[in-house]
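Okay, here we've got a single chain as structure tokens, the form predicted alone, with questions on binding and movement later.
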Amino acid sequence: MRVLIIGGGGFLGQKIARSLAASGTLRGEPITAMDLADLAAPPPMDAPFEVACHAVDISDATAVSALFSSRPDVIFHLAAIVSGQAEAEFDLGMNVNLFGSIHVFEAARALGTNPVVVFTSSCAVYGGEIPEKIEDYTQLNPQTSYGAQKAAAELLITDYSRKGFLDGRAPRLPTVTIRPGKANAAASSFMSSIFREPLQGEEAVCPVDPDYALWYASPRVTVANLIRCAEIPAASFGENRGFALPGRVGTIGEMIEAMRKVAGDEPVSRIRWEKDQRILDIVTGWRPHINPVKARALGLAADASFEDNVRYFLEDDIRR
């Protein structure tokens, strides 16, 4: 079993790699080798099998084709231009999020082995004139370039799967919080920074009101769900390979109070409230109320509470 993680230098890619290194197996088989690829080569890591690290720009079809010369059996495709940057730089978002994904799908198809491809989509595919509560059958109606690019790639991975070119799974991620590291260009970045920075003794700015609601999941649960997505039999997905992952809905105010319960008043005092219209224009189009019946039937799970998310960050990711 050979595994390829595209976006393997990012925090989810690194967590998936470490989890697989710890277990040593995937889909009931021992992992014999793993390739980690990102725009800059990911750092080397210890594992009970060979790990190779590559610098690859997925907007370059030739580079992607060369990456697949290792003939992976399971591919995690996590690489993307994030929401805020994709909105500001349309061509870059298209070249990576859509055309780059097509290059990955075509390289998987060229193997001729029907490899498993887990493509991380997003709840940003929802929006516009749809019901307040989203069901599995709710139409995709993204209101950002990032969401449109993810939705288009979803449709393609379902069709490539129907044709037998690859065995695709396109879970739509909730907002993943609390993310480790530094803030990025995602419009949702503040949804981690307003917890991460205060818990690490730094100030953070919240650009939305306390009653802003979001659909969220912790990194720990997200990683477990993504690995589980690679292991579910193809027949279990039915005719649509895109589906919402389980998450929880909460307002920013409720989540801050959960942090207070776990970590006390001091982190909360480090949050400043300053509205940012650029961010508001993007995130207010996202829908927080999602009913992931299909994902739950597939055995995927949500966090128990945001208090747990805070505890997971303190255990797994806080800067020591």
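Position 1 is the first residue in the sequence shown; the rest follow in order. Here the structure is a predicted model, which means the values were calculated and not measured.
What comes next is about the form predicted together with a further copy of the same chain, which does not appear here.
> Are all three of L140, Y160 and F165 close to a further copy of the same chain in the model of the complex, meaning a heavy atom of each within 4.5 Å?
Every listed residue reaches a further copy of the same chain in the model of the complex, so yes.
> Pick from T175, S145, N225, T120: which has a non-hydrogen atom within 4.5 Å of a further copy of the same chain in the model of the complex?
None of the others qualify; the residue that does is S145.
> Between L199, L156, L214, V208, only one gets a heavy atom within 4.5 angstroms of a further copy of the same chain in the model of the complex; which residue is that?
Partner contact (heavy atom, 4.5 Å) among the options: L156.
> Evaluate K294 for contact with a further copy of the same chain in the model of the complex, applying a 4.5 angstroms cut-off between non-hydrogen atoms, and reply yes or no.
Judged by the heavy-atom cut-off of 4.5 Å, K294 is in contact with a further copy of the same chain in the model of the complex.
> At 4.5 Å between heavy atoms, is N114 in contact with a further copy of the same chain in the model of the complex?
Contact check for N114: no, nothing within 4.5 Å of a further copy of the same chain in the model of the complex.
> Please determine whether A152 contacts a further copy of the same chain in the model of the complex, using a 4.5 Å cut-off between heavy atoms.
It does: once a further copy of the same chain is placed as it appears in the model of the complex, A152 has a heavy atom within 4.5 Å of it.
> Can you tell me if A185 lies within 4.5 angstroms of a further copy of the same chain in the model of the complex, counting non-hydrogen atoms only?
A185 lies outside the contact set for a further copy of the same chain.
> Which of these stretches, 217-225, 71-79, 200-208, 125-133, has heavy atoms within 4.5 Å of a further copy of the same chain in the model of the complex?
It is 125-133 that comes within 4.5 Å of the partner.
> Which residues, if any, of 88-115 lie within 4.5 Å of a further copy of the same chain in the model of the complex when only heavy atoms count?
F90, D91, M94, L98, F99, I102, E106, R109 sit within 4.5 Å of the partner.
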